[in-house]
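Two forms, one chain: they're shown below as structure tokens, one block per form, named structure 1 and structure 2.
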Structure 1
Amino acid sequence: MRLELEKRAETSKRMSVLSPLIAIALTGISVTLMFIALGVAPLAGLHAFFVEPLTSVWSWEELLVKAGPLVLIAVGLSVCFLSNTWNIGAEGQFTMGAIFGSVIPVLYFDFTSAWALPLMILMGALGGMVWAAIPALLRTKFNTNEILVSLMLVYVAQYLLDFLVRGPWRDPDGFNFPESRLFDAAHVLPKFGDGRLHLGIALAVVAVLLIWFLLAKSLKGFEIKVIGQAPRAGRFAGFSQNRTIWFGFLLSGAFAGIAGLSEVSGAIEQLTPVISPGYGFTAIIVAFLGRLNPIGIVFAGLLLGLSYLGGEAAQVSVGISNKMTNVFQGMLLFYVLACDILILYRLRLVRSAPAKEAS
């Protein structure tokens, strides 16, 4: 018995919808096995991880708070990935967006006009774009690997944030805690409901609609996909690869920057040394699980948002580590990538030794 791959005549439409679901199911099975290995009753564990976070209004709101930045970053990244450009430094662009966006609430805290918030959002986008422009520039000008550059900049951005909140931006009345001053009410994103749900989720929805339009209805979207799948054909059509790289990086940088700003201005309301549980990296998983499709990304963002809440709930109610979240996320991406093969190939179990056919 051995596994054979048989190429399909054309890509399977059915499988391109089913494969992420199969991946989720396989991840669920693996998580169950892990619960058993850890000595947790599997049903109680699964209930704590996937269902418990959805049993109260408060936690539904919290789910949206977590899913918001994931979806916002992931739709931006999907444009990059579709054009075969690898921006994996969204975490750094997120951090820079938070830093740039905090210039007004931290340094010009007296400026409380109605223009303050829109300006902060613009500054956040600018921060992310500046940080994303570096790998784009180095890639297009010097052919430097954008994966490594964008990733290295994550660490640099995190050290810069650490420096600011421990040094020049530390709250003068903050008893020496490494935190900036609390943002003025005029610098905090409007809230809905009774939890922490803030305007950031609306920004994410707008971004999803924009990218859906871009990819499905515009020439630019077509250009991105052609450059990604057939760069040579794209060149003949007069599409510029460098322009696409710039476009992808600036767009995803801006989105990540806005996500960073909305996290500090909506959810945390001040700058702290750590502002993200790895949203920028998790968003990569969200983008792939959503099959680089804006609508798919919405569902994927909700599931991965749930995994953050599920990890915490499982820690409280069945006593396993909340690191389960990261394991879940990592396994999920593996299964998503592996299941993608079902779109192009048929899997077959072959009984006889197939090596002899060739002769």
Structure 2
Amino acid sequence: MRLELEKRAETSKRMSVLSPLIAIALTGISVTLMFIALGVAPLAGLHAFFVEPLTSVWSWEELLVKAGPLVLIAVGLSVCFLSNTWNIGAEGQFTMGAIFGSVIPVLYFDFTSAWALPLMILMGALGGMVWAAIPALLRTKFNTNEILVSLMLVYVAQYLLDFLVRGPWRDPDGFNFPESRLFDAAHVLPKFGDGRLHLGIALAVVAVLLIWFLLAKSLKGFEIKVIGQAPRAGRFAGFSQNRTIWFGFLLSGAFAGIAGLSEVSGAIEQLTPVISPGYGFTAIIVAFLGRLNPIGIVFAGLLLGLSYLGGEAAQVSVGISNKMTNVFQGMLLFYVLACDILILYRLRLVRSAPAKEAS
């Protein structure tokens, strides 16, 4: 007997819902086996990773701080992915948004008007859009692979950030540490309460509502889905694939840039050589785990945000490496993509035909 994949007559709506749940369950089983292999009691490891970070009000606030940029980036990426455009460089757009948005607090720190924060948010969006426009231009004009171009630009952005904080933007009063000056209070996103929870989470909620309306209620959302699923039909309907590519890249770049500005203005309050634990890459997992649906992305963002906190908690509680977060996220992406096969195919058990006896 053997298992075979049999193509379904039509996509399975039931498996579209069950696929991420199965992926989460399989990831949980794999993480449990990994704890056993590391000599860690599975229940203690799972408790440290998934439960301990939720046992205090401070932890819940930190969860929202982590989930905010993930959701904000992922809802923008969902527009790209639905149009069959692959923006893999949100991490670079995140970084460029942080750099552009920090021009005022670093170079024009005396500008403390009420317009400072709105201008910083707009400049953050502009930075992400500028960086996203490069793969969009090369794809539409020269048919280059946007996956490679957007990915390589991530490293260019990171090196540019490193150059700035070690060179011209380094704090003159910072004892030669590679970091910018601390942002003035007028350049810091308002906080909710006494913790680190800031206005960035509200920006993420607004982005979710805007993208939900775009995809569910507007002609542009219909155009994006048609171009992604049936480009030829889209062309017959008068939809432009190139315009859709530009729209997806610029929108996702703007959201990634705003997320970058929110991180440095809300959570860090200055520029440092490392401003992200990989939000731009993790947001890709968030987008697919949330089924490219804005509401699903909110729950996926909370789960992946929990993985960051869980990795830190497990490092302290049970003594495992904080790289466990990367392992968890990688496993989850693998299982999500693997389980998505069942949306288009079904598993069938085939009995092998008995071998004919030689005469």
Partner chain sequence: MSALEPMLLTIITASTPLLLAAIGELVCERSGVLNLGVEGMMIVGAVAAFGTAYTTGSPLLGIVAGMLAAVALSLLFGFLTLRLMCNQVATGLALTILGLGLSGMIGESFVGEPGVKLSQISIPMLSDLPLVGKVLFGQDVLVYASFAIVGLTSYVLFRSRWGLILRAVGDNHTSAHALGYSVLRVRYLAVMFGGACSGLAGAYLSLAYTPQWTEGMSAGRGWIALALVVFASWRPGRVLIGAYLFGAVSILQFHAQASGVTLPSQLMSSLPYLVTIVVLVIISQNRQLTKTNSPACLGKPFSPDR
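Heads up, when I say rigid core I mean the largest set of C-alphas that superpose within 1.5 Å between the two forms. Quick note, the numbers are simply positions in structure 1, starting from 1. Quick caveat, the model's predicted, so the values are computed rather than measured.
Of these two copies of the chain, point out the form predicted on its own.
The chain shown as structure 2 is the form predicted on its own.
Comparing between structures 1 and 2 on the rigid core, is the C-alpha shift at Ile24 2 Å or larger?
After core superposition, the displacement of the Ile24 C-alpha between structures 1 and 2 stays below 2 Å, so no.
So with the rigid core superposed, the C-alpha of Ser12 shifts by how many Å between structures 1 and 2?
Shift of Ser12 at C-alpha, rigid core superposed: 2.7 Å.
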